[in-house]
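Have a look below at one chain only, the form predicted alone, in structure tokens format.
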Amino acid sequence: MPGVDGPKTTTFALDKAGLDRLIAALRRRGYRVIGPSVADDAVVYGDVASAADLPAGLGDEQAGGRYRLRRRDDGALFGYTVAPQGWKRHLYPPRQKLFAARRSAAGFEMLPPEPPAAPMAFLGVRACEVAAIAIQARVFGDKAYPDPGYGQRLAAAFVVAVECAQAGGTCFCASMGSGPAVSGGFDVKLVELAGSGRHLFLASAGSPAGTDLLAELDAPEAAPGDVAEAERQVAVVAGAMGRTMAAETARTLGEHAEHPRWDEVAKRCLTCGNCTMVCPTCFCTTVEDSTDLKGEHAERWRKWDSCFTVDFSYIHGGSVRTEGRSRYRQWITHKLSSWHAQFGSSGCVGCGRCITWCPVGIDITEEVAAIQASRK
């Protein structure tokens, strides 16, 4: 499990072959390495066997309701910003079997749980995504009722973070204090320097496990000039965000339950739930039971749900939030405002996915700005 605060360590310089050795070392340790690749005209996170599987020379263009891959001329392997799917789907899968039972002479008996899957190594985790993993760890780490599945998967995981070399069109992590610099929560941090006739990955450790891994690679120390370039690169990204958000204003959204802006956004919102599905911190679920036709075998499954569905707020007699207006208000005020009281932070890390993957381009930063402007 990655450390909370990465200790100061030596920075090493890896070439592409060195990155291959890093992936191979993780696989030898028994990790299932998951990283970026290309499928269906998008960057997705899936199984990676070597650096050849990474999206070489590809970047992305993101705007409200728009996502396109584009060709880069520098051969960067991490030249995109954030993928549609976050790491949440691996730490907190969309469908999880809670238990299974079968009929016996004494009634029903519980079946033993399936053996744990191989530990995962995440390759290419951005600063905003590191922050999202930490937020969900707080959500699922409740002292009285912790989620054992999430905790076990995270404790066994190895995180290879990558600092962004550019900001996306919908990014606003700088406003939320979650990036673009990676300051902790990783085992190994990479900074890719591509272009001008070179292609390097500056690697530093953030945990004892990361230190051991880098020592095995026998890589040279990074040149001071390359380290300085990496620092300059992340500073440029911090000043080039595609969006901004007034975080303090966002915290007060719960005080404006009857603001007319909710009616305006409801005219466009399709209540499709895309924003909650791509959000790296949303955690709403529902539970469903299934049986075979003979009634001999039963299973209980937990699956992702969304506060945008009518049935999510159903109680005896009907749903509490029947209008799109109230469902959107619930989502944004919880995410940005009441989340602080529950979990001690905002529920938004500024990744911009909810903006990019909204079919009608609703912009969470625009909604906060509109309410801020009306207050003035």
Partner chain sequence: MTAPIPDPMLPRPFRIEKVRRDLSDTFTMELVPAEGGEFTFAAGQFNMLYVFGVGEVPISISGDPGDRSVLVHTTRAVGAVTKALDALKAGEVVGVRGPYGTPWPVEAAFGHDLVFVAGGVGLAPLRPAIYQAMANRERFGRVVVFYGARTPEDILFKRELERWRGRFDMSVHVTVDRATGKWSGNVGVVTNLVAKGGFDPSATMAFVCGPEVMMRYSAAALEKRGVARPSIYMSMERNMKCGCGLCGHCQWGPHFVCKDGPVFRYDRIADLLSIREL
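Positions refer to the first chain, counted from 1. Being a predicted model, the structure only gives us computed values, none of them experimental.
The discussion below concerns the form predicted together with the partner chain, not included here.
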query: Partner proximity in the predicted complex: Arg32 to the partner chain, non-hydrogen atom cutoff 4.5 Å; finding: no
query: Contact of Asp41 with the partner chain in the predicted complex (heavy atom, 4.5 Å); finding: no
query: The partner chain contact in the predicted complex: Asp147, any heavy atom under 4.5 Å; finding: yes
query: Touches the partner chain in the predicted complex: Arg89 (any heavy atom, 4.5 Å); finding: no
query: Segment that reaches the partner chain in the predicted complex - one of 243 to 251, 115 to 123, 166 to 174, 298 to 306, heavy atoms within 4.5 Å; finding: 298 to 306
query: Contacting member of Ala101, Leu217, Ala134, Ala209, with respect to the partner chain in the predicted complex [4.5 Å, heavy atom]; finding: Ala101
query: Residues of 105 to 130 having any heavy atom within 4.5 Å of the partner chain in the predicted complex, listed in sequence order; finding: Ala106, Gly107, Phe108, Met110
